[in-house]
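Shown below, as structure tokens, is a lone chain in the form predicted on its own; questions about how it binds or moves come after it.
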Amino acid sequence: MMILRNSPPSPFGRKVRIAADLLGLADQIEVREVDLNDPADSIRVQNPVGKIPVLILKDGTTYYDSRVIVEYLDHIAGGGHVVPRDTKVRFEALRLQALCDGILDASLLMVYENRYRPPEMHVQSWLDRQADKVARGLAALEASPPKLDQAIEPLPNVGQITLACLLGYRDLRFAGTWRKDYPRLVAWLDQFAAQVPAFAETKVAA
């Protein structure tokens, strides 16, 4: 049994859980929650930088971050499923993943600024810079949402999974404010959710 160290609200952990479900590997993975605020949590041994998610194999090998974990899971599932083999489709999926991961990174920095720094110490220029990254990224995605049937296999690819997790995180931590400005992405997410039951199954209440 593999072990996934994760925290339910993490969009990166959600990416791994959705991929595992799509690949038929969910029953081979035990999810164990992480307390990132606990200095004694073993996450700092399993991943020296103390970030989630981390996948622990039966022999104790650890893989991180979500991009590496999903690649590994796709590999042991036979390859070419959520990480396509076809060169053009593969790099489109990886580029989409990189864009969505970048928007998520900016979103997380905004959350952490408000969570860990008192209001009088907030740096508005820093928050504005992250918000601009999010807005530019979502605008690019709205202009050209990915097609859900573009993968070689009849599964969403890793870029599409990451986009769904990004939009879900914006719902969770930013009260879904993105929805009024990005109707094509709203429709895209509805279609993804209808095709991928694991998206609803991994949802965390706000």
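Keep in mind that this is a model prediction, so the values were computed, not measured. Each residue number is its position in the shown sequence, starting from 1.
We do not show the form predicted in complex with another copy of the chain, though everything after this point is about it.
Enquirer: Looking at 25 to 33, 135 to 143, 154 to 162, 172 to 180, which lies within 4.5 angstroms of another copy of the chain in the predicted bound form, counting heavy atoms?
Expert: Contact-bearing stretch, as computed: 135 to 143.
Enquirer: Examine Val82 and determine whether its closest non-hydrogen atom to another copy of the chain in the predicted bound form is within 4.5 angstroms.
Expert: Outside the cut-off, so no.
Enquirer: Taking the shortest heavy atom distance, is Leu99 within 4.5 Å of another copy of the chain in the predicted bound form?
Expert: Leu99 belongs to the contact set for another copy of the chain.
Enquirer: May I ask you to state whether Val68 is within 4.5 Å of another copy of the chain in the predicted bound form, using heavy atom distances?
Expert: Because a heavy atom of Val68 falls inside 4.5 Å of another copy of the chain in the predicted bound form, the answer is yes.
Enquirer: Considering only heavy atoms, tell me if Thr61 and another copy of the chain come within 4.5 Å of each other in the predicted bound form.
Expert: It does: once another copy of the chain is placed as it appears in the predicted bound form, Thr61 has a heavy atom within 4.5 Å of it.
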